[in-house]
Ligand SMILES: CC[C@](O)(C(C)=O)C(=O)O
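As a starting point, one isolated chain is supplied in structure tokens, in the form predicted alone.
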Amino acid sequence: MSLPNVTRSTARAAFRAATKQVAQKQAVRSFAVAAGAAARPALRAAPAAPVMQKRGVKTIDFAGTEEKVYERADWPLEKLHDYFKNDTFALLGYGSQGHGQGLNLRDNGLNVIVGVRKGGHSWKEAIEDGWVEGKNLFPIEEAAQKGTILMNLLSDAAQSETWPELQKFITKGKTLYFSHGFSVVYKEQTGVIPPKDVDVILAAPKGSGRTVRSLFVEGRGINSSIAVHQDVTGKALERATAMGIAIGSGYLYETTFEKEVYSDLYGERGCLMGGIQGMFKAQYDVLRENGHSPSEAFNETCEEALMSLYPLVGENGMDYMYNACSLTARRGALDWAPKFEEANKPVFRELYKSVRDGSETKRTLEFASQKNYRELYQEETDKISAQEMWRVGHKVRALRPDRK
């Protein structure tokens, strides 16, 4: 029993088909369509509709700490169009974030162009998504020259590699935008030091670029953080906020470049990806060692978590999920949670230290500097897909009633 090889292109194709299907099921129009079409009739209307919320910028007490939150209602589409009427968004890179943010900007009726290596894989994917060479699709250098807001969404390693050439296009009056603090914070290793006469801002969606796109198409909107590294004009925070909404966010909260990259690298290595894979694998293996069947081990480890319990946590919180379960389950979870916390905290402390001292950055840049790094990554992810747990998962997911 084996899985098909899931490549970036097949994943992108599946995602494109899924978002198209979601869009066709939407009963509401995109909040970008009416104003976007009127402002720029040549641009494609959004496939679906983020619904405007009757809320605005506010200060909220988060468990005793007051924080300012910005919402979509603060920046209605007409205001975005007026604010960015003289700007050209040069989106450099068309990976996960470039794809999601670029399409959302385009569907919001804003003037956005894409810059990628001509003839490369991303160039072909951009064409598949409707970007047109010479109109809104250009080589990186040409797009950077044309843009007033340079959105550096190249991979972290590529940002370091291209910086010597790219920096000459970052001239006074332009804005330099990132969605990750990596290159700027770890400048000693990346060499990315922005010029002193431009605003440097960040809007970082709290999810993959595919989620940035799918939540926009569904009429919702991902939550994102915003930050200012350099404020030359005195309006950098305002511009970061407007950018965050323009790329499809539902609400925004403030952070710093440093805190964004520390929390991001820490989180994806921990509970978001690395930790959850390790926990799933350990629980599955112990069940199998004790004679449980593959399907039972997977259902009790992954399927129930992902399809039943985690959605409850996402919608209503852990306390709600506990109260929604049996007394037996609740008693056991309450007893064992502190033990898992005690066992895991030393690992998390080690992880955070490794992120903050630059060890994780060094590892990433050294690995990505290898010419065959993509193949090496694929080998490692192929090993995960070859694990019995995920081969079983492929079969279990196919049995879900909503799957054809």
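Residue numbers run from 1 along the displayed sequence. Computed from a predicted model, the values in this text were never measured in an experiment.
The following text describes the form predicted in complex with this ligand, which does not appear among the structures shown.
Counting atoms of this ligand, placed from its pose in the predicted complex by superposing the C-alphas round the site, that lie within 2.4 Å of this form's backbone or C-beta atoms gives zero, so the site is open. Only one of Glu303, Asp264, Asp129, Glu218 lies close to this ligand in the predicted complex, with a heavy atom inside 4.5 Å, and it is Asp264. Just one of Pro139, Pro294, Gly207, Gly250 comes within 4.5 Å of this ligand in the predicted complex, counting any heavy atom, and that one is Gly207.
In the predicted complex, this ligand sits beyond 4.5 Å of every heavy atom of Ala333. Though the partner is left out of this view, Met273 does reach within 4.5 Å of this ligand in the predicted complex, counting heavy atoms only. Using a 4.5 Å cutoff between non-hydrogen atoms, Glu268 counts as a contact of this ligand in the predicted complex. Checking 325-333, 207-215, 305-313, 233-241 against this ligand in the predicted complex, the stretch whose residues place heavy atoms within 4.5 Å of it is 207-215.
Scanning 94-127 for heavy atoms within 4.5 Å of this ligand in the predicted complex gives no residues at all.
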